[in-house]
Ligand code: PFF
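One chain comes next, on its own, written as structure tokens: the form predicted on its own.
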């Protein structure tokens, strides 16, 4: 156990864990959710949900990982032998692998647009042509798969090098780059004529907009944006050294993830306000709406290239984290080398990615529950597996795990301190109830 890989520095801990949380959802989902749920009012509720719900659950996953010093599935076998709690880890592994299947496709779309931005192709087209260009590319059989293949190779080159030389080293480079590009973009967005209007919508809350639906949406955003229930935080927690304070790390990661989301809002809302466009949900924001905006901006090639590199870096940090969950499991449970485990998982992801990509072309008519493979993978992983895994996690740490073990992993926090009581109270009572409502809302069984 003592020879197991560990992150070399506290900076590496933060960079890799923030990288797991920051992804394409920060770019398109947060602005859209904010726009749909009252602007600044949603932002305030979201921040409260991260502090009350997100950070305690992060501490719970970190504690399981560091206490067990093993992978997501093996962790509960170590901590709760002769029980079935290890199902939490298997849910995380399955969910992360399914997500990779379609997320790698979207990441491939981003890389295609990096290429198009460098060529300048995006800015010689009409608005209709830009939309048609995206649909033509998305429904092509081979072009998206070429970029998926390239991304699989890049991920292998990073992750096969191990925790310190691969994941940590790459994260230490990519996360500062991501923040730098985002700050440059925000700086430019703030110079636009509509900047004040966009910022006013983002930061000036209308508390009359707050209702049950807004709270539920904010809880869901907090839960999913921090990668809770995927097994990532358990896996990364198992690489933490003893000198890493879990509540402090959880707070730092959550604040940085929120900062990226807020900066994405600072970037998106002034741009949208300046050009009279509303934020849209999903890929259309990135691949249709923003290219139409870029071509109206000063030096459109520069801003398009920077944006799509930013998006590609965000996607890559996420795919690396998702891959590590399954690779750590294969490597440790089946006693195979890291490179072989990486190849096995990447081959599985390649098959899932092909099916997801072809969902828009050759397999577009193949549906189950009225969803193609891409949509079904998204729905089953995000709406079913993650809430179930998160709920079981909260129940285990809050009601089954020995308090002294959890206390020891928090880093010397005493039972009598307010911090410990608040963290445990959230895990035991708030998180399970919140996750039940999130699950019921996502599956359409409960509406406000």
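It should be emphasised that the depicted structure is a prediction, and the values quoted were computed from it without experimental measurement. Residue numbers count along the first chain shown, from 1.
What comes next is about the form predicted in complex with this ligand, which does not appear here.
(message) Considering non-hydrogen atoms and a 4.5 Å limit, does this ligand approach residue 342 in the model of the complex?
(response) Taking the distances in the model of the complex, the answer for residue 342 is no, it never comes within 4.5 Å of this ligand.
State yes or no: in the model of the complex, is some non-hydrogen atom of residue 227 no more than 4.5 angstroms from a non-hydrogen atom of this ligand?
Flag for residue 227 set to yes.
Q) Hey, in the model of the complex, is residue 103 touching this ligand, heavy atoms inside 4.5 Å? A) Close contact exists here: in the model of the complex, residue 103 approaches this ligand to within 4.5 Å, heavy atoms only.
**Request:** State yes or no: in the model of the complex, is some non-hydrogen atom of residue 15 no more than 4.5 angstroms from a non-hydrogen atom of this ligand?
**Result:** Residue 15: no, not in contact with this ligand in the model of the complex.
inquiry  = Quick check on this chain: which one of 110, 76, 99, 325 has a heavy atom within 4.5 Å of this ligand in the model of the complex?
reply    = Checked against the cut-off, the match is 99.
### Message
By the heavy atom within 4.5 Å rule, which residue out of 155, 331, 116, 318 makes contact with this ligand in the model of the complex?
### Response
Spelling it out, the residue with a heavy atom inside the cut-off is 318.
Worksheet item: Among 50-58, 37-45, 387-395, 22-30, which stretch has residues with heavy atoms no more than 4.5 Å from this ligand in the model of the complex?
Response: Only one stretch passes the 4.5 Å heavy-atom test: 22-30.
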